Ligand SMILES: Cc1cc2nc3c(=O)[nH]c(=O)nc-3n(C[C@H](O)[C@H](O)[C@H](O)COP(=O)(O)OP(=O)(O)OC[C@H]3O[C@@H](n4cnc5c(N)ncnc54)[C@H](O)[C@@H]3O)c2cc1C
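There is one chain below, alone, in structure tokens, taken in the form predicted on its own.
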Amino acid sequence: MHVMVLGAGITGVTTAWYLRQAGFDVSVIDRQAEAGQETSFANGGQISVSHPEPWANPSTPFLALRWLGRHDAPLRFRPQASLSQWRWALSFLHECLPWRALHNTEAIAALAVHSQRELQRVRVAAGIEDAYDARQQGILHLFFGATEFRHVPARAGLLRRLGIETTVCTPAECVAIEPALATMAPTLAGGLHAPGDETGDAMHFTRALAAVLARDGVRFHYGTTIERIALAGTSVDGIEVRDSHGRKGTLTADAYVVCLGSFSPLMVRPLGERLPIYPVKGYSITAPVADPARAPQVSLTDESRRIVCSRLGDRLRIAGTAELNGYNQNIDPARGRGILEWAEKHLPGAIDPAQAQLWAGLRPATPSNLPIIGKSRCGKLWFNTGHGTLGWTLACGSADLVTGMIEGRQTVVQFPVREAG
């Protein structure tokens, strides 16, 4: 059976891996010249099992109001005359209800725990443990206000109930875990340490895994733009494509998996499918480490600013912000300056700011933060998309789930799958 994966980001390539391991004949289509060149290219680097809480939670509407008008706001909403944007925003508000947020947190946590186990298995099986600057030194969540830190013990208790090890830390204990925090210790209210979390370069992982798959017989159609998913009656009949030379053709398979991130809803809308995915633009800077003693070894998350920081070999990746502005991929220098200012304030001397590279990408966000995994209403078509900010965290687990569904086997993790019809 031939299965074609649409998209060669981290979700698409891990899906191809699981399909190939299950014995399927696999091919992958992507418009870029190689794997991992869009949303997977320069994300925050965290495999953050300890952060299953969705953006949509009871506190977010109040925070969003407080952030209105701020150029450096962690979440920025740019209203448009777009029905899809407003429909998504209203659904997002619904998911902020306490019982919805708890349900989504539990579902994401179950998939994240499973996904990390799968990641550990995949990298050994593929022989790519040293290919992507992987670190297993945990994540330290930082809190700078007493009010937000007051809720941390309850959060730690919930995470432990969900099978995620965490420890509530004083400022001094945070510095003991990561000495590079010494300069910011006076401003810290405390931290939450998740020693089992990991970091790594998602793009390097994706490219390394794609190279292994290519050697194993998976066909990658790079530089190939998907024009349309063709139907014959109610079933997919092929993928109409255009190559880098402008030549058009149709690629066919026995089944197809949509892993196109933010562009998934645009591709399947003509089929009568409406996926609740909206592009949320995020920014990152990547800079060489100037002073190893001042650059953290442990990954950091500033919970108040929604900024994450990961050590990737001799580089530091600092990422954050969320901007709802449609498919606009223009880079706003002010957003990059805000991230750079955070680094200079909290980790002075750690990086060379003159060599910092600014990047922006579109995260495929659902209102609930739950990815869309399951079968389409159209025959032969499956979904594995909509992972939002957790694509790196959930990639391997999601790929295992969708492959199991295609095989018809029982999956090992309880997750609300996308049902056809």
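Residue positions are given as counts along the sequence shown, with the first one as 1. Since we're looking at a predicted model, the values are computed, not measured.
Below: the form predicted together with the named molecule, not depicted.
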Contact assignment for the named molecule in the predicted complex, among 366, 27, 376, 389, heavy atom within 4.5 Å: 389
134, 112, 181, 319: which sits within 4.5 Å of the named molecule in the predicted complex by any heavy atom? 319
Would you mind picking out the stretch of 341-349, 252-260, 323-331, 98-106 that comes within 4.5 angstroms of the named molecule in the predicted complex, counting non-hydrogen atoms? 252-260
Heavy atoms within 4.5 Å of the named molecule in the predicted complex: does residue 52 have any? no
Spell out, yes or no, whether the shortest heavy atom distance between residue 224 and the named molecule in the predicted complex is within 4.5 Å. yes
Using a 4.5 angstroms cut-off on non-hydrogen atoms, would residue 282 count as touching the named molecule in the predicted complex? yes
The named molecule contact at residue 126 in the predicted complex, heavy atom, 4.5 Å: no
Hey, with the named molecule in the predicted complex, do 148, 190 and 194 all fall inside the 4.5 Å heavy atom range? no
